[in-house]
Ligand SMILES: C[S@@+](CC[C@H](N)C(=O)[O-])C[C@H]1O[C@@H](n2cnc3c(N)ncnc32)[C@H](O)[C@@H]1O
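Take a look at this one chain, the form predicted on its own, written out in structure tokens.
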């Protein structure tokens, strides 16, 4: 099975192509049934759009997710683990669905992640400030690497109260007496105290020689447990130590439900080993994929959004120093006019600009007639710092997702080119009316400024070299 792949499309279709029991760890963070509007800012370009949750009701949401989770359960190995990340809107219904698909005995934990602090006191009721992660396994024989956190300083001060002379090692005491009083073989006298001990006398003598027994003022023995030998505090099901991705965070991409890398690192480390296969079927901005890559796991990502797939690819290049086509591939990006016609407008604009080798405009709303820019090769600066900040040689791109761009569309683009004093621009649509093409010719004769009309078919057929020159 191929890995290090991002598939663009509905995960239901892609999962059906995967063989049974081929994945070690599945994490999904599907769209919540929240009925909320989000403002999305992709990456540093701050491209903005609005979108509504696609699920009109909880029932519709569960109906949407059920066949996809069935496929996810099918591809999970017998030793594999499954994590479903959701919030309070539909979590209880999700739990019932997961019990039905995986079986109630497959449920391991309900993890509570505190994703934010309580909001203001304007509304009645308790603020909702946590997400839920349901954890299931395919069987009782599953991969498990117990996670730990560092001890809190107050905990250390309270429990590791003793310091060993000479070494300076901190330790706490552990009772060496046995709670089971009916153990004749462990009943003996030690240093003047007859007790039922936890250890045999031979082991007690060995421990005494190694200096790992502490004696109280009365001479009673206790075991030294050194702080530097402890793995840390075992992590339970309430996770409060991982903050959400804040506005000022270095890893922030602007994706509205972006999860911190530390959260995915914890899950990937706990439930997989190096070279295991990690799958995220709703990979969004790709945090699970980046985590798997950095932790030396194989991975498969699926997302229905072409823009998300390109964002993930860009993140793998920047954060993981991978080369697309060599270290990973992106597959099944839209290839037909039919697919592109039904694509959301924001996605279509991104597709067209990226296909031309351009940079998407920073402002999605109020873009003043320019959806993107192309920087020709001769405008490339010699310094890498702020590479695009001081370039003035660029060509505007306008994209219209319509059957036939008309004269008014060209007039608006001409105004934008005049305003920006551009001598050349590119206009993308599925086709152009006769009036539009006539105006493009007249604009050149009148202003000596060139508009290159490009059809979607031109881009799909990759017949761009001569037109982009």
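Model, not experiment: these values are computed from the prediction. Numbering follows the first chain given and starts at 1.
The following text describes the form predicted in complex with this ligand, which does not appear among the structures shown.
*Asks:* Which of these residues, 242, 333, 212, 304, gets a heavy atom within 4.5 Å of this ligand in the predicted bound form?
*Replies:* Result of the distance check: 304.
*Asks:* Taking this ligand in the predicted bound form as the reference, which of 407, 68, 404, 424 has a non-hydrogen atom within 4.5 Å?
*Replies:* Flagged contact: 68.
*Asks:* I'd like to know if residue 413 sits close to this ligand in the predicted bound form, meaning any non-hydrogen atom pair within 4.5 angstroms.
*Replies:* It does not: once this ligand is placed as it appears in the predicted bound form, residue 413 has no heavy atom within 4.5 Å of it.
*Asks:* So, residue 11 and this ligand: in the predicted bound form, are they within 4.5 Å at any heavy atom pair?
*Replies:* Flag for residue 11 set to yes.
*Asks:* Are any of the heavy atoms in residue 279 no more than 4.5 Å from a heavy atom of this ligand in the predicted bound form?
*Replies:* Heavy-atom contact with this ligand at 4.5 Å: absent for residue 279.
*Asks:* Residue 287: heavy atom within 4.5 Å of this ligand in the predicted bound form?
*Replies:* Taking the distances in the predicted bound form, the answer for residue 287 is yes, it comes within 4.5 Å of this ligand.
*Asks:* Determine which one of 179 to 187, 295 to 303, 161 to 169, 234 to 242 lies within 4.5 Å of this ligand in the predicted bound form, judging by heavy atom distances; exactly one does.
*Replies:* Only one stretch passes the 4.5 Å heavy-atom test: 295 to 303.
*Asks:* Though the partner is not shown here, which residues of 16 to 31 have a heavy atom within 4.5 Å of this ligand in the predicted bound form?
*Replies:* The stretch touches the partner through 27, 29, 30, 31.
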